[in-house]
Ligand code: ATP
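A lone chain, given as structure tokens: the form predicted on its own.
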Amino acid sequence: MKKIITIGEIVVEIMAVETGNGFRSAIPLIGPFASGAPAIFIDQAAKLGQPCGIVSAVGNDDFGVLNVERLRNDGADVSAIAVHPTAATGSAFVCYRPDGNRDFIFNIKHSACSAIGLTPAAEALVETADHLHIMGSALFSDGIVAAIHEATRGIKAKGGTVSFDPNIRKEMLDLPGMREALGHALENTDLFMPSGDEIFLFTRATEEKAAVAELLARGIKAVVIKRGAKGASYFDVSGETLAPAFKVEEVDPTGAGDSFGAAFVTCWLRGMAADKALVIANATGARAVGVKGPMEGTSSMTEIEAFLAARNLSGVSS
């Protein structure tokens, strides 16, 4: 099977227990949870049995150990996760607003994540890769951007592929160089995976079908639009495939899009038809929202098959 890698942040996430108005007074919190969008993505790919690994950095602290052991135990290649001797592992505090939105306080850029780059161990991991998944959330430092550029060049040169999930928090969109880095990622993308209106960050068109057509005309092979509770759509030159979402009780949406993305990329690389891949990815995302914690809802294929069988959809993954 093809090997997937990603490059980016590993953090712990500490979450508000109840909906409220933020962190301006003492509130109950739960955590730490293993997190970071690239880490959630690669953990989910690993649990599906796909060869995969991550280039990242953590601190020499309990938060770092928590993350690395979680990824290793779930089957990811952790050989390119550096341990910074003095900087702390990155962190994200999340609160939930009454309108359903989430707000984050990040300590990423000035954490151990600032040291992410193409170390000898990272170069060795990139050499083994067939596919690179780029997360927009990871494009916060010049070192990571340079590493992603170099990995993109090497993987594409040997016939590999690239997927790109913009996954950009509003708090990060105006960071210096962010828009340029997003543009470079798009230029090299085979599979583009925006969430909803993120697609319009990259097009002149302001209507969805026209925006998709514009992206495909640039040479992107396929576009998957994640629509949350409305499901997901796949587009290529042959047309659109739509798969509705599964109705489940939402406990925590954090990480669901990353889990969806990992499941779809894994199925896509295995040559699965788009309609089946969307069903599996939707099931993976649905299971993820049912558990508190960004990485706690990642699923094995056995768990996904059981979820589908309970809804009379057994055999989709075959």
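This is a predicted model, so every value here is computed, not measured. Numbers for residues come from their place in the sequence shown, where the first is 1.
Here the subject shifts to the form predicted in complex with adenosine-5'-triphosphate (ATP), a form of this protein not shown in this document.
Taking the pose of adenosine-5'-triphosphate (ATP) in the predicted bound form and superimposing the surrounding C-alphas onto this chain, would you call the site open or blocked (blocked if 3 or more ligand atoms come within 2.4 Å of backbone or C-beta atoms)?
-> Open: no clashes with backbone or C-beta.
Would 45, 152 and 156 all count as contacting adenosine-5'-triphosphate (ATP) in the predicted bound form, using a 4.5 Å heavy atom cut-off?
-> Not a single residue of the candidate spot has a heavy atom within 4.5 Å of adenosine-5'-triphosphate (ATP) in the predicted bound form.
Would you mind picking out the stretch of 267-275, 247-255, 55-63, 28-36 that comes within 4.5 angstroms of adenosine-5'-triphosphate (ATP) in the predicted bound form, counting non-hydrogen atoms?
-> Checking each option against the 4.5 Å cut-off leaves 247-255.
Which of 188, 241, 141, 195 has a heavy atom within 4.5 Å of adenosine-5'-triphosphate (ATP) in the predicted bound form?
-> That would be 195.
Between the options 160, 117, 231, 75, which residue brings a heavy atom to within 4.5 Å of adenosine-5'-triphosphate (ATP) in the predicted bound form?
-> By the 4.5 Å criterion, the partner-contacting residue is 231.
Applying a 4.5 Å heavy atom distance criterion, does residue 226 contact adenosine-5'-triphosphate (ATP) in the predicted bound form?
-> Although adenosine-5'-triphosphate (ATP) is absent here, residue 226 would touch it in the predicted bound form, with heavy atoms inside 4.5 Å.
In the predicted bound form, residue 260 touching adenosine-5'-triphosphate (ATP) (heavy atom, 4.5 Å) = Taking the distances in the predicted bound form, the answer for residue 260 is yes, it comes within 4.5 Å of adenosine-5'-triphosphate (ATP).
Does adenosine-5'-triphosphate (ATP) come within 4.5 Å of any heavy atom of residue 221 in the predicted bound form?
-> Although adenosine-5'-triphosphate (ATP) is absent here, residue 221 would stay clear of it in the predicted bound form, with no heavy atoms inside 4.5 Å.
Residue contact check: residue 102 to adenosine-5'-triphosphate (ATP) in the predicted bound form, 4.5 Å heavy atom = Close contact exists here: in the predicted bound form, residue 102 approaches adenosine-5'-triphosphate (ATP) to within 4.5 Å, heavy atoms only.
Listed by sequence position, which residues of 141-158 have a non-hydrogen atom within 4.5 angstroms of adenosine-5'-triphosphate (ATP) in the predicted bound form?
-> Result: empty, none.
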